[in-house]
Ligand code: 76R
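Encoded as structure tokens, the following chain is the form predicted alone, with no partner shown.
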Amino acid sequence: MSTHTPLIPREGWHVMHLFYQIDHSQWQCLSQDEQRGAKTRLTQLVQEIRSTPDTHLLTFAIATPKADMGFMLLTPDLQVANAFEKRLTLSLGADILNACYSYLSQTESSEYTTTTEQYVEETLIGEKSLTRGTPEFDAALKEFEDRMAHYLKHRLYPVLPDWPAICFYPMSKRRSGNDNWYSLDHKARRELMAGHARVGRTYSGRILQLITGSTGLDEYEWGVTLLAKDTIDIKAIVYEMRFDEVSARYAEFGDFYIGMQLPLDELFRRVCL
């Protein structure tokens, strides 16, 4: 029985993006029975991971030789995530799956999310001229609170769809000279992020975006996962956001990984196993 101390954040889940290259020369050294056994082992492990409470696993092929296949693992306990990662890496046998990139982050709420009081003062009273206590005011406030509760639940405890295209990239905010994001006060940062969010909302139904925090956990400050039904929407949203000041002045990006979500049997065929 495991006796480790759980490492579960006060809110949200841990997220691992795992990318592997396959050593086909090592794979060819296995007999057909050994190859079938290895694929059965990975299939059973994927089923075990997906049956773990509050745990999700996406499987995908990578579109370029940066990697062959990848996993996105979401689960509360970092101890559990670490154990699953080690087993995934060895699932096809020693030296078959070679990790070429990985990223650790956590789901998180945004510090720039509009609070109830901000919405009341700025929108209900400031823009719509509603009066506290009226039926119109109460209905509008309830609609906002319900919408925000759904949004925060998705940010912290997401259930990701099986849309075919997946894009992952890490990013940080710049800290140099006059373009130091962290020298701006909160009001200025919130106003800039509001413009960024408006662009994102225009892609509703075409792009599902999950931003996870990695300050102190990995090389960059955030990981960005985009799910889409068409790669042109991934290309379009990233391009359009480049013109927003938040990206144009303050964003620095890592490598982009583009993959295709596939069921495991199809994934095996795609990566020639």
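The first residue of the shown sequence is 1; numbering continues from there. For clarity, every value in this text was computed on a predicted model and none was experimentally measured.
Missing here is the form predicted in complex with this ligand; even so, the following discussion is about that form.
The three marked residues, 16, 20 and 81, fail to reach this ligand in the predicted bound form, with no heavy atom of any inside 4.5 Å. Contact check for residue 150: no non-hydrogen atom falls within 4.5 Å of this ligand in the predicted bound form.
Although the partner is absent here, residue 197 is a contact residue: one of its heavy atoms lies within 4.5 angstroms of this ligand in the predicted bound form. By the criterion of a heavy atom within 4.5 Å, residue 220 is excluded from the residues contacting this ligand in the predicted bound form. Although the partner is absent here, residue 201 sits close enough that one of its heavy atoms falls within 4.5 Å of this ligand in the predicted bound form. Contact annotation: of the candidates 116, 123, 110, 98, the single residue with a non-hydrogen atom within 4.5 angstroms of this ligand in the predicted bound form is 110. Residue 211 is the only one of 45, 29, 63, 211 with a heavy atom lying within 4.5 Å of this ligand in the predicted bound form. Listed stretches are 35-43, 202-210, 49-57, 66-74; the contact stretch with this ligand in the predicted bound form is 202-210, by a heavy atom cutoff of 4.5 Å.
Within 4.5 angstroms of this ligand in the predicted bound form, the stretch 88-104 places no non-hydrogen atom at all.
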